[in-house]
Each structure stands twice: as C-alpha cells, then as structure tokens.
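In structure tokens, the next block holds one chain alone, the form predicted alone.
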Amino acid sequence: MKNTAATESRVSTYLLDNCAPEARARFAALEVLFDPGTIRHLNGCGVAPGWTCLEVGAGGGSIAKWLVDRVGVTGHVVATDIEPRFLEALRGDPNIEVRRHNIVNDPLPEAAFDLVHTRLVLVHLPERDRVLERLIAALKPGGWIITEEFDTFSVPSRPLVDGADSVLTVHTAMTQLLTEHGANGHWARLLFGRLRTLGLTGVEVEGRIFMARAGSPGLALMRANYEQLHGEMIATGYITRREFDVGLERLNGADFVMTLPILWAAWGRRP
C-alpha cells in the first residue's frame, strides 16, 4: 500500500471520531470487552509466523500489536484507520505498517493478505457491502477474513422480563443518530449469508452478549459513546438536555444493568 498523500482521505460519515477526547476511554473498554474473543477467533484461523495481515479500523492498536507478535519477524501487519493517532506507538516495529486509510475509497491491494480482520467498522459504513467485497478481494487464495459487528436489534433490553434490565432514552437516541448517519443495526445478523454468497468456504458465526453494569467495561463503553455524541443527539432533537442528564445519572447507580448489542463474529476462507 503506497504511502501517498492523495490516498490519505478522512471523508467519513462516522460520528465516533478518534479525534474526540472520549476515544481513549472507548478503546480501553473495547479492548477489555472484546479482545479475548477476537484473539480466540484469530487463533482459530491459525494465524502463524510469516503471515501477512490487514487490520482495518485498528483503533487503539491492541489487536494489531497481537498480530505483530504472532506473525513474528518473517510476517507483516498493515494497520489502518481513518485517524491513526492511537497507532503511533506501533510505528517503531519494522514488521508493521501504520496507514491513514479510508477503506471505502482508498486503494487496497488484491490477493495480498493471509488474514483480514475488522471489528465494529463495516456496520457504520453505508457502503458496507462493497467494502466487504473489497476486503475479500484483498485476501490471498486460502486467506481468512474475520469481521465482528454489532447487531443492535436482535436482543434488546427487556425490562418486562427482568425489571433490572434498563432501556435508556439516551441509548435509543444514539442508535437513531447512528442509523441516520449510515449505520445498519441489522447487517451483522446477515453476515453468515453474505460470506457464503461471496464464495467463501468454512463460513461460521458466533454471537457474544455482555451486560453493562456498575464498574464494567461495557458501562464505560456506553458512557464514552453517549458523552461523545451528546451534542449531536440534542441538536437533532432525538433527546433533550434533561433526558441526556438523567440517562447519564442512571449509569452511576449501583444496581444499573443494561444488555449490550450482540457482537457477531463471522469468518470464512477465500478458496
């Protein structure tokens, strides 16, 4: 991937920008919540010394760092993000290339990678289906893709079943705002069929569910997202300032519990 200024686009509809002060807290929570499962899937695909890997939307860099350690001195990792500021610490390793890259329209080599991984990126892109095709085209024959995305609709909180399971107005407002900007809360549920239709073999899926509660990384993740998007939610009329403040205050309750969206992992191999 050539390092040219012409490809370094930051045009995006993504609202949870890495430039925001809440980004560091969000990445820390995502790593604690989801890295163990992600690493289990990477191990299942057999990531090994000598592999060439692409980490799209590398965020805080924890998975890119794991991949670099796994592929060793004979392997190579390309870690991309539309805003790679949190990846700067990885640049000293000769086996990793950190790239500012917009996966929607910036160049991507074909048949170049043994593994492509992305987490919580495609669900936010209106062009997600086309991007998925591009990522599969970037695989070598026999290469693996793993994509992990939120499904915000299949298992919502159910207070009528469990009175402690909360539904926050602020969370509903955030979901509406993200949808308005191109997110699709149903798309992750379709990944199994998408990967098979695109000709991959060995396609499998797994869904993971977590509960946000006092002191948990899930609650830290939700708080960071709400705080980052509060201005947009209020400006668009999805929530009032009073409703937002009440919602944030509820997060402080020792008995607060909320079901997080399902994180679907889907993986398959290019023939």
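We number the residues from 1 along the sequence you see. These numbers were taken from a predicted model, which means no experiment stands behind them.
FYI, the form predicted in complex with a small molecule isn't displayed, but the following is about it.
Check: Heavy atoms within 4.5 Å of the small molecule in the model of the complex: which of the stretches 195-203, 102-110, 182-190, 88-96 has them?
Finding: Looking at the other structure, the answer is 102-110.
Margin query: Quick check on F27: any heavy atom within 4.5 Å of the small molecule in the model of the complex?
Written below: Flag for F27 set to yes.
Note to self: Check G57 for me: does it contact the small molecule in the model of the complex (non-hydrogen atoms, 4.5 angstroms)?
What the structure shows: Flag for G57 set to yes.
Note to self: Can you work out whether N18 and the small molecule are in contact in the model of the complex, taking contact to mean some heavy atom pair no more than 4.5 Å apart?
What the structure shows: Output for N18 is yes: heavy atoms within 4.5 Å of the small molecule.
Notebook entry, point to check: Would E83 count as a contact of the small molecule in the model of the complex, using a 4.5 angstroms cut-off between non-hydrogen atoms?
Noted result: Judged by the heavy-atom cut-off of 4.5 Å, E83 is in contact with the small molecule in the model of the complex.
Next item on the list: Check each of L168, L125, A138, I146 and return the one that places a heavy atom within 4.5 angstroms of the small molecule in the model of the complex.
Entry: Selected option: L125.
Next item on the list: Consider the chain as shown here, without its partner, and state which of V78, V121, L115, L178 has a heavy atom within 4.5 Å of the small molecule in the model of the complex.
Entry: If I apply the 4.5 Å criterion carefully, the residue I get is V121.
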